[in-house]
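Shown here is one chain on its own, the form predicted alone, set out as structure tokens.
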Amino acid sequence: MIVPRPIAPRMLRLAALGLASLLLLAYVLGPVMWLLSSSLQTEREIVSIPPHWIPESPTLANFKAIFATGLGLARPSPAGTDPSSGGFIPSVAANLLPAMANSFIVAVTVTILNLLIGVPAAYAIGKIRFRGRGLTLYAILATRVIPDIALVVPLFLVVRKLGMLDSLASLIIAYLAITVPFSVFVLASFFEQMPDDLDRAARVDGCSRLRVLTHVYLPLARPALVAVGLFAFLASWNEFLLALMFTQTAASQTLPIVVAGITSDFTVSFSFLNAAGVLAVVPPVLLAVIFERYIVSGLTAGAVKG
């Protein structure tokens, strides 16, 4: 005879899980919701006490100012102007849209080159048996053990020697050095867990290694490709330290550098700063939403063998 489980402990456990989930959501989404809310507030409202989580009079003035200055339709406010008076535009506002374009160019280029370099290397490590195969993979992975800040000086010397300082090419080279090892590791694990029979059957039918890769394995590796591509894009889009070291002028600066420059101005407009922050997070969020179903399966590729 099956004895029914008591309802009270089960309901209590569900209530505890629900409360814990709500607290976790509040902790994770709280800063994002405040960023979005404050970007729609005036400067006078955003510095008021107590703060308003819901804008009393939502306004798109900050976003209009960003696009107006970026398109040359408005000029920054003079230094020392009080932001609370309304209509304040920081001096670096005109660089926001060009910086966003620079970030997009760098991120897309790094993503494409990442796949072009990482896919053949990962296929060779995962499916071609050669002496030193395991050592090669661990040597590539070992480069990610080194903190990024320890690579700043060597990368700076390489970029300066190539005459690429203060250019988008310097950022592309630096970001490839950081992202390619991770991409190779994830893709190699994904290729390794695929059946070897697919490779043998294609080779018997006369396919070259390149055709086996492009016609057999790549269609099956779509989750891993999306995962590493998204990783390369986000890493390039959000990177700050190397961009700060390698770029000096607005012509090559990326979005994180320009957004950070708003806080170093003579007068800081928090509402304008948060509006710029919203524009900075929109592309990554859109990509994460579009490719959400591929991300988890791609990042866990090769985690379980057997």
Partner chain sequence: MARIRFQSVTKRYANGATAVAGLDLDIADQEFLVLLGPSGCGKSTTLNMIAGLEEISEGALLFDDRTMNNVPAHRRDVAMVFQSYALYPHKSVFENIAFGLRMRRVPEPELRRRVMDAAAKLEIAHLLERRPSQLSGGQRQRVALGRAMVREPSVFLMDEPLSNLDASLRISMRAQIRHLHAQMHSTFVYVTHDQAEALTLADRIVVMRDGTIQQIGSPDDIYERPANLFVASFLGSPAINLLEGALETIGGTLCFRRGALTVPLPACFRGDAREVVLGLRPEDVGPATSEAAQIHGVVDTAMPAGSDQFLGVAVEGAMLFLRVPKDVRVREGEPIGFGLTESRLHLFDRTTGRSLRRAA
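This structure is a prediction, so every number in the text was calculated from the model and none was measured. Numbering follows the first chain given and starts at 1.
The discussion below concerns the form predicted together with the partner chain, not included here.
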item	value
In the model of the complex, Gly134 touching the partner chain (heavy atom, 4.5 Å)	no
Partner contact for Gly163 in the model of the complex: the partner chain, 4.5 angstroms, heavy atom	no
Distance check, Val92 to the partner chain in the model of the complex, heavy atom within 4.5 Å	no
The partner chain contact at Leu220 in the model of the complex, heavy atom, 4.5 Å	yes
Single option in Val216, Met100, Leu225, Leu168 placed near the partner chain in the model of the complex, where near means a heavy atom within 4.5 Å	Val216
Residues of stretch 196-214 in contact with the partner chain in the model of the complex (4.5 Å, non-hydrogen atom)	Asp197, Leu198, Arg200, Ala201, Ala202, Arg203, Val204, Asp205, Gly206, Cys207, Ser208, Arg211
